[in-house]
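Quick setup: one chain, the form predicted on its own, written in C-alpha cells, and binding and motion questions come after.
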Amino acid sequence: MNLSQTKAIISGGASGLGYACAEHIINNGGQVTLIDINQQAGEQALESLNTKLATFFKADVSSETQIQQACEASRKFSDGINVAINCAGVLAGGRVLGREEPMPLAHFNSAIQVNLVGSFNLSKAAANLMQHNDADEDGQRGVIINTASVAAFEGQIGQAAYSASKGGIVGMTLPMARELTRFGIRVMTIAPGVFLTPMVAGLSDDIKAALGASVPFPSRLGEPSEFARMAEHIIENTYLNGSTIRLDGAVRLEPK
C-alpha cells in the first residue's frame, strides 16, 4: 500500500504528530479523517489543510459509541478505511506520593483511558471495518499504527501513570497483530522520544534547548514530520508487523 491509496483515520489529528501524519498523507494523495476532542482545533486543522481530501469528526477516544460513529463517518467519506493511526494522548504527570496526598486514582485512570483504552478503542473499531476490505497481493487489508513513548521503557519520576499507559500500548501490539493476521491487518507501534509537539512547544526556550541537548544524535528535538515519515514507511512496508519501533535519536530517559 502506498500513501496515494491510503484512507486513514487519525486520532489526535488536529495537532502535533497526528496532524503531521495527516498532512503527509494528503500531500501524497491519500484521504484522511481527523478525530479530536477539540472542535475548534479540528476546524482550524481542516482550514490549514485546505483540501477536499480531509474531514474532521469530534470524538472522545475513550467513548466506544463516539469512535464507532467516527469510523463509520470516515468509511463514508473515504469509501473505506485501510489505515488507523492512534496519536491522541495526555501527559498526566504526577508523583505516586505527592507532597500533600497520594495521586488520586482518577488522575492515573485518565492517562489509561485516553492513551491506552483510547488506542484500543479506535484500533478495534477500525479493524472491524478493515476486515471487509479487498486484500492486496500479500493478503493485506489494513494497517494500525499506535503511538507509545520511550517512557514505556524508561519512565521518569512523575511518569508512573503516563508510562503505564504507554507500556500497555507496547504490550498489546504483538497479541493484537497475531490475532488480526487472519484478517490481513497489521499492527505496529512507534515509540517517539522527545518531539516538538504542542505540549513541548509551550515550554521555555531554555527547557526546550536542554531537552534537545539530552538526545545523543542528532542532538535536537524530533520533528513531527519525522514521525510522519516513519508512519509512511510502516504503511508501505508490508513486512513490518507486531513490533515497536523507537524513534528517539538514541535517547534514554534519566530517572528525573
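Residue positions are given as counts along the sequence shown, with the first one as 1. On a predicted model such as this, the values are computed, not experimentally measured, just so you know.
Note that the form predicted together with a small molecule isn't included here; everything after this is about it.
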Using heavy atoms and a 4.5 Å cut-off, decide whether 84, 244 and 248 all contact the small molecule in the model of the complex.
-> no
If we take heavy atoms and a 4.5 Å cut-off, which stretch out of 197-205, 47-55, 24-32, 212-220 is in contact with the small molecule in the model of the complex?
-> 197-205
So, in the model of the complex, is residue 127 in contact with the small molecule at a 4.5 angstroms heavy atom limit?
-> no
Although the small molecule is absent from this view, report whether residue 147 comes within 4.5 Å of it in the model of the complex, heavy atoms only.
-> yes
Contact between residue 17 and the small molecule in the model of the complex at 4.5 Å, heavy atoms?
-> yes
Decide whether residue 89 counts as a contact residue for the small molecule in the model of the complex under a heavy atom distance cut-off of 4.5 Å.
-> yes
Which residue, 160, 176, 185, 114, has a heavy atom that falls within 4.5 Å of the small molecule in the model of the complex?
-> 114
